[in-house]
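Shown here is one chain on its own, the form predicted on its own, set out as structure tokens.
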């Protein structure tokens, strides 16, 4: 595989200066709390049973505490007195090529940064923060898996992670608008582009115009039914994704975030609305101000929150009898466990369906589908990704559902592969698609 050759070549070419740069970036990412975590693990083993990788493959390398140990051994050797004086006594190890290779395998290849290990850790070690620091160090050394970095580069160069041209984007929006008008019978149903002063700027995952236009049409139908004042941006600022969250390069992540900020300023919108995407919401809502080192002059909301408000306030009416098949809900890690959007989607689905059932476990304890952390963009780890997703497949089977709702397109892509691999025989939909199907048109 070319990617393997590229990483191996980069590892072989590393200089002492590269290792020092990686260590500097690593140390710079660790505040006092994170540094203390590197000496805090009590090896209780609870993280192993919490991790979907280890649940599906009980090898030592899949235990989160083992991944942490690889990282802490380097920290001890380079940043503690005992690690320098008596490395063998404290388990300190040098940061060399073999260790860098082990880090790549651990933090890119065996972790989706889902955080389930942390919430079940007996002493609350924030393992994803440590693993993100390690990813950042590897990035500084040129050791991000190339296809993951290419996704970031697309966003930096083209304004979206799939290099969709402005012409293709605008033509797709116009086509979806025509379809929406046919569906609703309303020639006034619009997908407005560049509407100055609109209340909401709505952003989407590029996979929607590229592969899932019905998802975008469903969201537009909800806005139409709610008589919302909204717009899309035609040139920059319409892509909600930010894979800088996954290569852990804060400068690049901040540049991608600025696309959204600039679009908000250009169009004069009041609220940035993030479509159904876990990492997109987390990146824009929580990480963006940190990357840019300043507060936004606008509000950020998830479309899930808006749909919840529309139902609550009677701005849209739903007929649950239009969705009678058994439905369950997948909780995207970045949206729920890390992002705090937990109940809005549940309230909406209970109004839009007649037979809603939860997975077990659910909410912040739900298992990652296996597609997070940039895993879908790293082909070299596909087999592990599908294998680790077996935990989610077991949850889906146990629920008895025929429809799996996932408010995240990364999760949907992974679930579609799991659906085929594990013969789940389910439909996979967004929340907006379920709402659009249940809508009672306003008179």
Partner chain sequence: MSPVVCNGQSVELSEEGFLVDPSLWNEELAVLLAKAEEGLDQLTDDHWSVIRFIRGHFVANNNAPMVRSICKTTGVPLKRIYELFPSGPAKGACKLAGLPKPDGCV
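Residue numbers count along the first chain shown, from 1. Quick caveat: nothing in here was measured; it's all calculated off a predicted structure.
Although it is not shown, the form predicted together with its partner chain is what the next lines describe.
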Taking any heavy atom pair closer than or equal to 4.5 Å as contact, tell me whether residue 287 reaches its partner chain in the predicted complex. no
Even though its partner chain is not shown here, does residue 376 get within 4.5 Å of it in the predicted complex, heavy atoms only? yes
Interface membership of residue 210, its partner chain in the predicted complex, 4.5 Å heavy atom rule: yes
Can you tell me whether residue 177 touches its partner chain? I mean in the predicted complex, with a 4.5 angstroms heavy atom cut-off. no
Looking at 55, 29, 380, 66, which has any heavy atom no more than 4.5 Å from its partner chain in the predicted complex? 380
Exactly one of 299, 343, 358, 171 has a non-hydrogen atom within 4.5 Å of its partner chain in the predicted complex; which residue is it? 171
Looking in the predicted complex, is its partner chain within 4.5 Å of a heavy atom from each of 162, 205 and 416? yes
So which stretch, 146-154, 310-318, 287-295, 224-232, is the one near its partner chain in the predicted complex (non-hydrogen atoms, 4.5 Å)? 146-154
